[in-house]
Structure formats: structure tokens, C-alpha cells
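In C-alpha cells, one chain follows: the form predicted on its own.
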Amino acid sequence: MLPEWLPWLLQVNDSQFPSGSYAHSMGLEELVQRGLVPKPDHVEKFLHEQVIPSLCAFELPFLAQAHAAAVAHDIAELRRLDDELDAWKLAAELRQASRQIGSRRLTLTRKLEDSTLAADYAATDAPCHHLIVCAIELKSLPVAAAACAYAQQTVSGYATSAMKLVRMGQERCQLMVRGAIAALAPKLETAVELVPERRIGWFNPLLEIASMRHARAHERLFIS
């Protein structure tokens, strides 16, 4: 039998979903301009050595906590996690990009679904980071499925941005996304386990510094 949440997932995880994420490279544009990610092979290496470790060590465990709070309709815990995530994002461009994408997703989610949780959370004037809103948006999914959807959004976002920055076609882009998700899949269940007193954290100075430099760039294609 078709899971009730599947049509919802297909809609909100579609690349055409108007979250505004297409306007952000999340620091990748600066890395390309600096010659650190000049070719498709380097983009693939970037996904495997920078993006996937960040997802496994920080974002997916954090998403699992937010997902549990969303399932429990725990607005205070969601707000606490949102504020903590705000503090984790040191680079202003990355912080603002996450807020903008999250806020747009929350606004559209409220229009598409009669969600008391989304309405109550919007009324808190929270930062509305992308990750927290995804947890709210995907609360009806099993946490592993929600994490897989979030990871796919992240990897696909970087790969799609790379197509505009590096000489490569759509087929190469899709092969790259497939390879990254396949590498991440065996680690996903462990990443979303809710372990008491688990230390969650990941500091990626490469992206943070790239994002800070991008803010001062004279020419740029992406907002971040």
C-alpha cells in the first residue's frame, strides 16, 4: 500500500518547489572562483569529503532531534534547536541563506497543508532555519526518510549549483548526486539515532571562510 506521506514528500522535495534555494551555492561559488573546485571530479570530491561528513556528523543528527520535537508538537524545543542552529552558522551569508530558504518553505507549507504545528511555529518569530522547517514539513515521515530527503536536497543543491559554475552537463550532475547519496545511505540510520548525551557538531572552516569571502566578492552569480 502506498504510504500516505509519499505524495507529500514528492511534492515538497521536488527541485521545482519554490524555496529559493536555486539562488544559493552555499559557499561553492567562492571555492570555484578560488580554483579549489575547478572540474567535475573536484565537485564530486567536495561532496564526499566536505558535504557528506557534515551531514553525518551534524545536520542529520540535528534534524533527528528537530523531527522528534516536531512529532511531539514541542514548539519550545524546536525554537531552542533553531536558536542553537543560528549560533552554529558563523558566516552571515550561510546563516541568512538558511533563514530565507526555511522561511519560504514554511510560508508555502502553511498554504499547502492545514498544519497547526507550522502555524504555531510561524507565530513564534523564530529564525526558521531550513533544517528546522524541513523537520516540521516532514514530520509525518519516518525520521530516516525525512533525513534522506533533507540529504538529497543538500547534495542536489550543491550539484545543481556546480552545473552553473563548472563545465559539466546534467547527466554528469545526476551521476554525481547518485554517487553521493549511495555513499551516504549506509550511514544514514546511524546518523539519525537519538542517543542520550550524544555530542553533535561539525566545523567546516573551508565553507565558512569561502562564504565570508563570497560576501565581499566584486562579481557573483549566487546570493551565497
Partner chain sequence: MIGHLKLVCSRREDGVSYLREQSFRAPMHLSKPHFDEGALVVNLVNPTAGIFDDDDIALEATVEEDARLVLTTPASSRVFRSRKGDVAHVTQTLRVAAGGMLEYFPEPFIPHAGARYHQKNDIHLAAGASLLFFEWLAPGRVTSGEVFEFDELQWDTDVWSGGVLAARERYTLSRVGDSLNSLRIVSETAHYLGCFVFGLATFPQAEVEALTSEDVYIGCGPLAVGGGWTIKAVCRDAVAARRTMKSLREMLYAAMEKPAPTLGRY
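All of these numbers come straight from a predicted model, not from anything done at the bench. Residue numbers count along the first chain shown, from 1.
Absent from the display: the form predicted together with its partner chain. The rest refers to it.
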Exercise: Q50 in contact with its partner chain in the predicted bound form, heavy atom 4.5 Å: yes
Contact of N204 with its partner chain in the predicted bound form (heavy atom, 4.5 Å): yes
is_contact(R199, its partner chain) in the predicted bound form, heavy atom dist at most 4.5 Å: yes
Contact of L36 with its partner chain in the predicted bound form (heavy atom, 4.5 Å): yes
Heavy atom within 4.5 Å of its partner chain in the predicted bound form - residue from E77, E113, E84, D120: E84
Non-hydrogen atom within 4.5 angstroms of its partner chain in the predicted bound form for each of A23, A159 and K164: no
Stretch in contact, per heavy atom within 4.5 angstroms of its partner chain in the predicted bound form, of 68-76, 135-143, 89-97, 150-158: 89-97
Residues in 202-219 close to its partner chain in the predicted bound form, defined by a heavy atom within 4.5 Å, in order: W202, F203, N204, P205, L206, E208, I209, A210, M212, R213, R216
